[in-house]
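As a starting point, one isolated chain is supplied in structure tokens, in the form predicted on its own.
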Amino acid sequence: MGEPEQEWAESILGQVIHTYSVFKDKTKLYPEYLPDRLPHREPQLKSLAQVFKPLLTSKSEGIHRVILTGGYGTGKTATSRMFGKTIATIAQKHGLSLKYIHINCYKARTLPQVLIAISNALQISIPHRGLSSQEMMKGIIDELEDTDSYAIVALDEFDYFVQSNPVNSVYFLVRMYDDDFLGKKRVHFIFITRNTSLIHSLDKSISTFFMHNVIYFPPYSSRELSSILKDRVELAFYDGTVSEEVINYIAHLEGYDKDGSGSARTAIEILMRAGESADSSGRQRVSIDDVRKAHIVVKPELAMLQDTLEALSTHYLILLLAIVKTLKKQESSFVRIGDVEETYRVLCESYGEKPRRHTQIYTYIMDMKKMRIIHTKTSGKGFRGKSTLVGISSAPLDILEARLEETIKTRL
């Protein structure tokens, strides 16, 4: 690049880089950030402590398991992570070696994958092939026994695991100590779900064990969201850039008592997008208009999808982008898988990726159906022949397309 061209590019980049920002630390608004305190989740933290208290006092003579259940953005994951981090520290002070392990069941989708994730987190060397689930778990427990250690395993999005696996895999996790594993109970579980209806539908031999300890996470009220947002504003924004009016407006939009989603995650994302809107306009304060723009962009359905998108592999993302682009091109609510495959192959070529075969693509589509990202149906009137059709209703196509392209670009 010659000197004039470099100066031209530097001047453009400098307009962005050296422009004032309302953000002091935007990472404090990211989904993965765990704050030092969780307002309005003190009762749930206390309930978790009550469930696992015997682990510290009697060194696990019994098995401890609990369900955390509530809608999207109600603090289940954050509460579980905070509890796990804190209980491990307290256990150490009691002379107990305790490890908290957090597993997302979108990533670890099968029982063997869950057991591998546990062994990896515990730094236990267990062969990943040639062993049954019982043998893998025995290896984990033997290692914990040898080191006189314990583990609390949190299985996030567990309803997806229940939906995607045979009932005997669920039975294995819930009642693993019934037959083969005697002595001290070294592995304990936190099951995190968005609702318990799927668990209620299981055989009573499983569901009754699940429902013994249930901790509910209600949606947040506007007053509760207001206090949560105030905490995040102090951490993420410079003083004076976000008014109390802006905070209360977001809380009013999303508060459950105001017919909103009751989701802290959605409210925090609206706050972040509103800050980005102020930055892009070169203003030093976030306005109500910035919030209105952000609210249009941050649909609760799309915010809920974000966790799922982050867990998907690159070819899932490219295939989902192909579905979006095909739907937009045909201006239809459903499109044929064959048409999606054509778009997918073109996208793979543009991204420098080798396209998967038809059978693998079909598997990806069925997986995304189970995750409730897409819908499928069999073709009927208006379509020649019988084939599988794919549609999306989980988010506006334009917004989802932009989010997917951004995610794929970052990934590659």
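Owing to the predicted nature of the structure, the values given are computational and were not obtained by experimental measurement. Note that residue numbering begins at 1 and tracks the sequence as displayed.
A second form of this protein, the form predicted in complex with a small molecule, is not displayed here; the remarks below concern that form.
Partner contact for Pro355 in the predicted complex: the small molecule, 4.5 angstroms, heavy atom: No - in the predicted complex, heavy atoms of Pro355 and the small molecule never come within 4.5 Å of each other.
Please tell me whether any heavy atom belonging to Pro112 falls inside 4.5 Å of a heavy atom of the small molecule, as the geometry stands in the predicted complex. It does not: once the small molecule is placed as it appears in the predicted complex, Pro112 has no heavy atom within 4.5 Å of it.
Could you confirm whether Arg65 comes within 4.5 Å of the small molecule in the predicted complex, counting heavy atoms only? Output for Arg65 is no: heavy atoms all beyond 4.5 Å of the small molecule.
Does the 4.5 Å heavy atom contact test between Lys76 and the small molecule in the predicted complex come out positive? Yes, Lys76 sits close enough to the small molecule in the predicted complex that at least one of its heavy atoms falls within 4.5 Å.
One stretch from 310 to 318, 325 to 333, 257 to 265, 147 to 155 that, in the predicted complex, holds residues within 4.5 Å of the small molecule by heavy atom: Stretch 257 to 265 is the one.
Are all three of Tyr30, Arg37 and Tyr220 close to the small molecule in the predicted complex, meaning a heavy atom of each within 4.5 Å? The answer is yes; Tyr30, Arg37 and Tyr220 each reach the small molecule.
Ok, Lys293, Lys99, Arg283, Arg194: which has a heavy atom sitting within 4.5 Å of the small molecule in the predicted complex? Checking each option against the small molecule in the predicted complex, the one that comes within 4.5 Å is Arg194.
Under a 4.5 angstroms heavy atom criterion, identify the one residue in Lys299, Lys107, Arg232, Lys185 near the small molecule in the predicted complex. The option sitting close enough to the partner is Arg232.
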